[in-house]
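Take a look at this single chain, the form predicted on its own, given in structure tokens.
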Amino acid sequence: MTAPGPAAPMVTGDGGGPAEADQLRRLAVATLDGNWEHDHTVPSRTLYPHQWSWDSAFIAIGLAHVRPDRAWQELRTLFAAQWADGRVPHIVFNPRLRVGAYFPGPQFWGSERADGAPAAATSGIVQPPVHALAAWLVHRRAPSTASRAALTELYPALVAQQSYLTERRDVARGGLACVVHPWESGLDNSPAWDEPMAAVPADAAVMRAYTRHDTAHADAAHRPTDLDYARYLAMVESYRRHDYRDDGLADRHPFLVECPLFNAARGAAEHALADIAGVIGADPVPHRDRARRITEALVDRLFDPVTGTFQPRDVRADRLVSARTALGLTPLILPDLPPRQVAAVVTEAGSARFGLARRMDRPLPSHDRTAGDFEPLRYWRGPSWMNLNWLLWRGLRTHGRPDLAAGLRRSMIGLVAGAGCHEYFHPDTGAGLGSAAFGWTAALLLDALASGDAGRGGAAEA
């Protein structure tokens, strides 16, 4: 196994100078090269030694700047493990690794027992569908005959992914897809899930029968609790018991939530698929129609006019959750988000809860830093994450706020300049937390560095 990536460079700025920017690029490339595993990139060599779904999408966006062939290989490898129903599993397990290299591993998931599962061992759940957007951005970085062929090859699989979410996961029949597990949201232990998870029966004592892999590589005080994990396993077991089928979810599954980020990613994917369709000779109109309906459903079902932000909806309780997290900012990536909601999200992002500004004095947190349950060290309950920053940065550029986008870009680059390509960062000090050589941090840094003109207030590239 390759050793973890290099240490952080001795720099203190925001990547604005050519020498510093070049040093940061070298760090990012070395991190991605160190995490390359013959046909895909692992998020990290320690905590996450397999292939993760939305990690690979973000990683492909960065690889497009330096290793475009690997960017396409990253996506091809992931979609080679797509299920027959169209779902793209959140983990594709590397059979070369020893049993127990990660928990919960392939034996726990038992995907081979499910109809339509691929030959490769995978998990049975999904993650936010950011892959069509990634494919489009990889092509846009360097359009060529080869990239158009890659888009043509991936297009049916990307459409099938969207069809699965639309047809199998719209439990409430309101136009939005449900996540059946917090892991599907990507923000595993966000305070956004506390209310719906409280209804999942579990006992932390069950974890005595298992060995957690994550706490062997990271401080337990920074990770989800044993009670969280007991509930995670209970939700997997509920889904696995029915061979990961989605029929009847409303009658039997304990966790059903409509997530703003997950559905904003669905909408952004349809916009990307419309662009892809225009390049490969397919019809873009159905994609634009579906994108419009997703945006309308997001506004109708998840926008809270009282708080002025988007909130997840607990489908079982039929109510919006009360936690105000960075999930509520992510619909800004939708180019057709109405002006009222754009203004509200920008206001929320600039509030004391998140601190977005032209010149940011602290990183953007993943949770409301004024809340009583804000935890600056614990995973998704406060720390700053590069992918959430990137999504908001992209949304700000899309909606004509290059001034705020520039402030966020400087903050993103400054995090890595000060601490290296860490998995996540302290939301007050910027100290690196989690894995020290994390794939999507390196990849999205490359994208931010390559967009310097737009980041400094030039023309935004939607």
Ligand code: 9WN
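Note that the structure is predicted; figures quoted are calculated from it, not measured. Each residue number is its position in the shown sequence, starting from 1.
Absent from the display: the form predicted together with the ligand. The rest refers to it.
- Proximity to the ligand in the predicted bound form, taken as a non-hydrogen atom within 4.5 angstroms, holds for one residue of D188, D194, D170, D314, which is D188.
- Checking W390, F303, W380, Y164 against the ligand in the predicted bound form, a heavy atom within 4.5 Å turns up for just one residue: W380.
- Using a 4.5 angstroms limit between non-hydrogen atoms, Y229 touches the ligand in the predicted bound form.
- With a 4.5 Å cutoff on heavy atoms, F374 does not count as touching the ligand in the predicted bound form; it lies far away.
- Of the heavy atoms in R223, some are within 4.5 Å of the ligand in the predicted bound form.
- Not displayed here, the ligand is kept clear of Y155 by more than 4.5 Å at the level of heavy atoms in the predicted bound form.
- Of the candidate stretches 47-55, 400-408, 66-74, 22-30, only 47-55 has residues whose heavy atoms lie within 4.5 Å of the ligand in the predicted bound form.
- Contact residues in stretch 84-109 (any heavy atom within 4.5 Å of the ligand, taken in the predicted bound form) are H90, Y102.
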